[in-house]
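This document starts with one chain, in the form predicted on its own, laid out as structure tokens.
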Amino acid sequence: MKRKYPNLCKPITLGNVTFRNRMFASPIGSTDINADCVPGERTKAFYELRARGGAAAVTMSELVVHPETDGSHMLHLDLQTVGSLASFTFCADAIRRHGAIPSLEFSHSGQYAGTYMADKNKKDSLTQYGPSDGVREDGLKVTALTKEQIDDIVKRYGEAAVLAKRAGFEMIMIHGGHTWLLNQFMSPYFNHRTDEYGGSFENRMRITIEVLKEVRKAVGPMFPIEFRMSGSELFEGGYDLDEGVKIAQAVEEYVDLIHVSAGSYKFGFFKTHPSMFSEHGMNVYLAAEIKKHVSKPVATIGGLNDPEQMEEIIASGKADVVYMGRALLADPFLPEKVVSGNEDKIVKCLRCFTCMAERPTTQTRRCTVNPLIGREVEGTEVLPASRKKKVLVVGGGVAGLKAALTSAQRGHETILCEKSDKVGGILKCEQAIDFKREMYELGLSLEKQAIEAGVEIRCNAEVTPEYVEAINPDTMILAVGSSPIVPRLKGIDGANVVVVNNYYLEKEKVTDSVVVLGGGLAGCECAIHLAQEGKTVHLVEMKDTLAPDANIRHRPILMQMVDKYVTAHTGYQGMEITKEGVLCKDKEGNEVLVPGTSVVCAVGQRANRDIVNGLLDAAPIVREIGDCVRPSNITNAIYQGYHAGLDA
């Protein structure tokens, strides 16, 4: 058959290994690591799902090669720990049996040991080793590695490589980017040594070259070695792209693939991991420039999920391989859909950072749009029901759509009723905000999937007990959502006021001078959007903190964007809306006018409990999910909808 994306679907050979396409799954930390730093069953299932989805390579992350100087609670591979080698062997086998190439990322955190430990007190008690003596930005002391320690670290890379190959891994990735140890040695910002490992470019590269030589000696001449690097550190004092080119040239004779990432976890997390406020592929230019100066294949990464864009990257010669991380959590079957011509069914990553926020919070993984992530071991297939039922889903928001889709996939006769003229619920509101467009598209994707699965969707259908009685369902799932809270303020009914849920319908009412009333996640994101359109925006929040409902990874970038674009007022209580703005009371009780000829009301949502209570006895089995239980987020709505559909 003729492939729509021929370059993306073309195999590539590295060393003596052929990869089935150019879409690789980037290293993402494991989901369960036991006390001995051995991968558990959930971890095996976590990586296996992406192999099943069609990725050409799946990389496990991160293997700590020298625990004595890197106390991070990440993966260890040795012969002393019972079950260690076997567990890695099972993981490699689980990846390989689906046609993907299993790869293992070797890492050393250097002076950022313990980054992912949930117990920060334990992290603070570690000795932080780096290239040079010093003090971290958070005040922790850094101790320079001795020559003897460096020699031992290099040796252990080789020993780990022998075991990885023995376990069945067919490629090894050496992590030399993102401010981990090898990057620390390369970086003039971190490396102030005066011996053979510091000073000149050649000296700063020495440990990396020694590591690559040691790994090559361990695995042999044709075994693929990949080097992951930051094309530029992207912070003041770090190396730039010109030096990134030199680094790539220095390592290319020892490796088979140069994986060009960007930036630093500690000094530019959101450049390494592009947020929803950034362009997709914002770091591709680094790989494209490096590729001009080396002969070995080059990989690129950074918020990629669009097949058209990825095809162009390969076709135009910017890179030879594209890596995806979060995109393959959102839709592990993205590569298979690209290869088979079903790209219109891709569920796209929202770049909301839910997946990355869970790691430091609970040491697990979650995904907003994919309820299987972190739970793959519990089952990834929707199995046919033993007894077919009639299922009525009330409400066509994200929870209702996911419930109806899953119910239909089980083989149930499924009817979804939505009282408005379109399904999508609160996701419909996001179509007017550019950086949240993919949230709107999630609703479209769920609708399309539901229809293809056989769900009967009835719009403009308000469900009453009599309506339910006429349908006579075995099970009814209530997903009737929430409604915006509209405070009882004088002037709230004015023509200059728009409720944030209706902004996509009433954009023309919003002038160039706006007050956003409510500083939660929705209010902050709306304020940023309006300001990016060139409007003057004031944000008013009664509490002292903005967006406490944002996750711990998304909130910092959200606050950066608020600081950049918006004038925020915390501790301000709205009292009255006038044609000139919002009259507020500050913390001292003073009246202050926050100026704006338009007002967007975004003070929160309230569960539609009255609708729920009126239908609780209308069917034999009634299940409540999503915002009608308690206003929450897409993550919970998807998860609850999926399991309600399974339970129907």
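Nothing here was measured: the structure is a model prediction, and the numbers come from that model. From 1 onward, residues are counted along the sequence shown.
We do not show the form predicted in complex with a small molecule, though everything after this point is about it.
Peer 1: Tell me the stretch among 569-577, 87-95, 387-395, 349-357 that has any heavy atom within 4.5 angstroms of the small molecule in the predicted bound form.
Peer 2: Residues of 349-357 come within 4.5 Å of the partner.
Peer 1: Can you pick out, from G54, P27, P39, G596, the residue that has a heavy atom within 4.5 Å of the small molecule in the predicted bound form?
Peer 2: By the 4.5 Å heavy-atom cutoff, the listed residue in contact is P27.
Peer 1: Just one of E105, E541, E525, E447 has a heavy atom within 4.5 Å of the small molecule in the predicted bound form. Which one?
Peer 2: After the contact test, the surviving option is E105.
Peer 1: Using a 4.5 Å heavy atom cut-off, are E62, H175 and I301 all in contact with the small molecule in the predicted bound form?
Peer 2: Judged in the predicted bound form, E62, H175 and I301 all sit within 4.5 Å of the small molecule.
Peer 1: At the 4.5 Å heavy atom threshold, is M324 in contact with the small molecule in the predicted bound form?
Peer 2: Because a heavy atom of M324 falls inside 4.5 Å of the small molecule in the predicted bound form, the answer is yes.
Peer 1: How about G519: is it within 4.5 Å of the small molecule in the predicted bound form, going by heavy atoms?
Peer 2: Judged by the heavy-atom cut-off of 4.5 Å, G519 is well away from the small molecule in the predicted bound form.
Peer 1: Report whether the minimum heavy atom distance between K402 and the small molecule in the predicted bound form is within 4.5 Å.
Peer 2: Contact with the small molecule, no.
Peer 1: Would T272 sit within 4.5 Å of the small molecule in the predicted bound form, counting heavy atoms only?
Peer 2: Taking the distances in the predicted bound form, the answer for T272 is yes, it comes within 4.5 Å of the small molecule.
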